[in-house]
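Next up: just one chain, as structure tokens, the form predicted on its own.
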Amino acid sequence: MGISTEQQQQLDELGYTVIPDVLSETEIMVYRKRLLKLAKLEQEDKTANMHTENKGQLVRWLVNKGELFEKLVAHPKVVPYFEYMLGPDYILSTLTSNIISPEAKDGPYHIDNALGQMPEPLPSFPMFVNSLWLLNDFTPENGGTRFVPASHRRLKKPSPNLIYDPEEVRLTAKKGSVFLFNGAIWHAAGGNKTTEPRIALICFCCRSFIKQMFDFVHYLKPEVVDRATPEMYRIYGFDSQPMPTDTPKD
């Protein structure tokens, strides 16, 4: 599977694209059920990662929380987009999920990970690429991601606590699709005005020379490493580690 010239142009110029029909209806149901169960368990054992005044919850380290999540790591419908944006040696920074509950309010704009600590002007080429795997239809009403198309070309960060931008778009997209975007475009979670939680899987990747947010090399469960294909092994970051000390030659 590849990426069309039109999609390449949209990623270059606007900073995002929507990949349709990545997950089946059955996969959507399975992932939603599993994530809601994990979220409840983590609330009960006090390990829950809450945000947005406790109306949002991240379920993190998904590759260690069920074999079903491993198929996201090197999904053939999505890998070409990461390769186009980040090069063929890109690596996984996080595999997590975000649940936006009813009554959650609009969040502040941000750019992803280490870009927020970089001096301006920001790099003109992609350093991070994020992808949201939609387990609901995303609408302006249920917390569909808010973003500013082409804002990665501003080469600067949004002002702290910026809530609205006059050029913002509220994502409307079908469940099962993937919203993939340059981590430098200004984006934020939307408020959820419905009665159902809005859920997305998040596969966040970076160039191979950047430090990952999660240390997969040292903290993946052994059985996850054993199951990894060579491609997954590379994406987890095993092929882009600092060199060890020299050892005596035979």
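Quantities reported herein were computed from a predicted structural model and do not represent experimental measurements. Residue positions are given as counts along the sequence shown, with the first one as 1.
Unshown form predicted together with a small molecule; subsequent notes refer to it.
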{"property": "Contacting member of Ser151, Ser101, Asn136, Asn98, with respect to the small molecule in the model of the complex [4.5 Å, heavy atom]", "result": "Asn98"}
{"property": "One residue of Ile28, Ile202, Val217, Met50 in contact with the small molecule, assessed in the model of the complex (non-hydrogen atom, 4.5 angstroms)", "result": "Ile202"}
{"property": "Candidate site His110, Asn130 and Arg198: all three near the small molecule in the model of the complex by heavy atom within 4.5 Å", "result": "yes"}
{"property": "Answer range among 33 to 41, 62 to 70, 218 to 226, 182 to 190 for contact with the small molecule, defined in the model of the complex as heavy atoms within 4.5 Å", "result": "182 to 190"}
{"property": "Thr145 within 4.5 Å of the small molecule in the model of the complex, heavy atoms", "result": "yes"}
